[in-house]
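A single chain comes next, written as structure tokens; it is the form predicted alone.
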């Protein structure tokens, strides 16, 4: 098999990259060792969040949030996106002080999408919140989507433009011979002029195959979803300084996240739940929203996610190989940026440039510099 571009990894970053490349006329083969959206891109909480981003991510995230508003039409598919807004709750004055300090930095950089709210506005927007909370911050463009639906919408759109997506196809070896990448896989030999590494929690292994070493770790963020409840929360909800996140869907079910991590077994492609941490997450949810004391948990699960030490992703060209690019290590907040990262990777592959500053996301940012 031959293609212009070989993409490794079928999460939202890989599928979005395949879509943008195929739409531009490139021939694309995407390899996914399990099935599309099996891990981080299918089992995350689906937050489409611009609020609270690291300053280095804000330009990418702002572009992505605009893309999400029209993504269903663009892809001719259902991503499940709902622009419900997002509120991060402040529990005390220290939280409000953090918000005001951040707002000063954001406004100095020209960003005005984060709006601090007082207790009265918080209670007006979230009547069932614990009244001891003192306020928060909101972003009205934010919302949520259905991760599996959104990732597969990119996959289907890529296939309509001619991309080949190979599920249950594991990469065994990868090497550069002359001007071509040669990949040995479950589906046989694949040749391509360019390789894009979107392999998520396994991306450091792919990077090492081409000579790029990176301090990637992995973990298993956990989620819970309840049985249906009366509607009580419209926006996605988080907290300024606590591990807390949830959203209520249109059918009344409530998805609880917040970053609690289970047991990650990358070698066996598996995860195990940590029920003590899930119980703690449930208690925190009730603390913020007492109405949740009556909720019945319907299901709990986890997926493997890749983390960088600074919680910023790797986005950009390889440093030790030609015609190779990376997009991984999104540290549990990459779902929202998927649409724009796919565009950035396609631009890099096709033109060698992008309008975004990728310096903070270099794969070699941890390399020791020789003076």
Partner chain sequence: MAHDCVIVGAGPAGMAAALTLADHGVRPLVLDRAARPGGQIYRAASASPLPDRSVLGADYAAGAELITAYTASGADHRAEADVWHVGADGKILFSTDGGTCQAEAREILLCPGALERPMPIPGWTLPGVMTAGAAQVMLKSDAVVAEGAVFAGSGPLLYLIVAQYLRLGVKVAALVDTTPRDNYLRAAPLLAGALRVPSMLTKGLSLLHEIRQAGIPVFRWASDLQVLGQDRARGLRFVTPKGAQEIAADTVFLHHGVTPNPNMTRALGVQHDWNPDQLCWHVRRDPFGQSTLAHVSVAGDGGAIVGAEGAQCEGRLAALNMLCRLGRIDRATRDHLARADLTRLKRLAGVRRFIDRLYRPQAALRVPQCPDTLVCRCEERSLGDLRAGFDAGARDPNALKSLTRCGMGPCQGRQCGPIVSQLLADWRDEPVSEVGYYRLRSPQRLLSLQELSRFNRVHPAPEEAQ
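Numbering follows the first chain given and starts at 1. Predicted, not measured: the structure shown is a model, and the values here were computed from it.
Below, we turn to the form predicted in complex with its partner chain, even though it does not appear here.
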Legend entry - 4.5 angstroms heavy atom contact with its partner chain in the model of the complex for residue 189: no
Inset, instruction - Determine whether any heavy atom of residue 182 comes within 4.5 Å of a heavy atom of its partner chain in the model of the complex, and answer yes or no. - result: no
Legend entry - Contact test in the model of the complex: residue 245 vs its partner chain, heavy atoms, 4.5 Å: no
Legend entry - Contact of residue 274 with its partner chain in the model of the complex (heavy atom, 4.5 Å): yes
Legend entry - Stretch in contact in the model of the complex with its partner chain, which is absent here, among 31-39, 313-321, 334-342, 63-71 (heavy atoms within 4.5 Å): 31-39
Legend entry - Among the candidates 174, 214, 233, 256, the residue which, in the model of the complex, approaches its partner chain to within 4.5 Å (heavy atoms): 256
Legend entry - Contact residue in the model of the complex, from 285, 139, 84, 194 (heavy atom within 4.5 Å of its partner chain): 285
Inset, instruction - Scan 264-303 and write down, in order along the chain, each residue with a heavy atom lying within 4.5 Å of its partner chain in the model of the complex. - result: 271, 272, 273, 274, 275, 276, 278, 279, 282, 283, 285, 286, 292, 293, 295, 296, 297, 298, 299, 300, 301, 302
